[in-house]
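We begin with a single chain expressed as structure tokens, specifically the form predicted alone.
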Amino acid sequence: MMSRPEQLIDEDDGFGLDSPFGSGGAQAKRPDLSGSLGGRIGDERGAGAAAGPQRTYTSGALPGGHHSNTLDEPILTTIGRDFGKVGRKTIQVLYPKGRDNALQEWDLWGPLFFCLSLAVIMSFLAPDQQASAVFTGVFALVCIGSCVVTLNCKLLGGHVSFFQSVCTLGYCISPMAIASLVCLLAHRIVVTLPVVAVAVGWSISASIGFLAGAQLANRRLLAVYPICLFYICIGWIIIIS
């Protein structure tokens, strides 16, 4: 007679060798656990990437709303295109009839150019010992004033982008820059005063017209007053120079 421990061992061995679910008494096949785990994961990722949708961009549909690929174009082509945009926006400010909302696509190259032009011309009008101070003051006045006017419009609930408003105010300085150039060429108050007055009115009219979409029905006067004060201060500096 077998002892009880030997019977338990034989029963366990028999259960492990013969599977009750096998057909014809065949032994159960164990899964192959060989291979590299990293290699299997890498294969699965590669298969998923190959099966997934691939996004391709054509020249007519690029991210960001661009209509052409500008990464490989010559630098002179890029500069020429940017100068063309600045010129079109400047013409739209100087001749606002028939606006096509060109300033909706904001940039800071034009405002920087007109701000520097105005500051340089004003430094030429100032005495030699005050040229650097006048340049710094005019440049700071234009930059800080544009930001303050924009923040005032935003705090009043205006629906306008910050940089779009700064861009509009910067481009509307172009009549002031032209007036300062006329003052540099003609040092007579008879010529300076009417030219600067027309330039101030032109700048105010253009900036108010472009910012009309801010939707300030009941607070329009509170938004227009800082704009008028901003350009009047610049005009007054041109006159006293």
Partner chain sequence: EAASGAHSAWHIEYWAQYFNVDSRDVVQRTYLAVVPKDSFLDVYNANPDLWGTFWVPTSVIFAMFVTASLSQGIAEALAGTKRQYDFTMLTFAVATIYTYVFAVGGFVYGATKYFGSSPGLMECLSVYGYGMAVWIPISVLCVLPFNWFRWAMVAVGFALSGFFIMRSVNQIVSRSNGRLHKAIIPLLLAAHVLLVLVFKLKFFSYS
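Residue numbers count along the first chain shown, from 1. Quick caveat: nothing in here was measured; it's all calculated off a predicted structure.
Just so it is clear, the following notes concern the form predicted together with its partner chain, a form of the same protein that is not shown.
Contact between residue 118 and its partner chain in the model of the complex is not found at the 4.5 Å heavy atom cutoff.
A residue is said to contact a partner when one of its heavy atoms sits within 4.5 Å of a partner heavy atom; residue 138 meets this definition for its partner chain in the model of the complex. Contact annotation for residue 151: at least one heavy atom lies within 4.5 Å of its partner chain in the model of the complex. Contact annotation: residue 75 falls outside 4.5 Å of its partner chain in the model of the complex, judged by heavy atom distances. Using a 4.5 Å cut-off to its partner chain in the model of the complex, each of 126, 219 and 222 places a heavy atom inside that distance. Screening 163 to 171, 87 to 95, 127 to 135, 107 to 115 for residues having heavy atoms within 4.5 Å of its partner chain in the model of the complex returns a single hit, 127 to 135. Annotation for 153 to 185: interface residues with its partner chain in the model of the complex are 154, 155, 156 [heavy atom within 4.5 Å].
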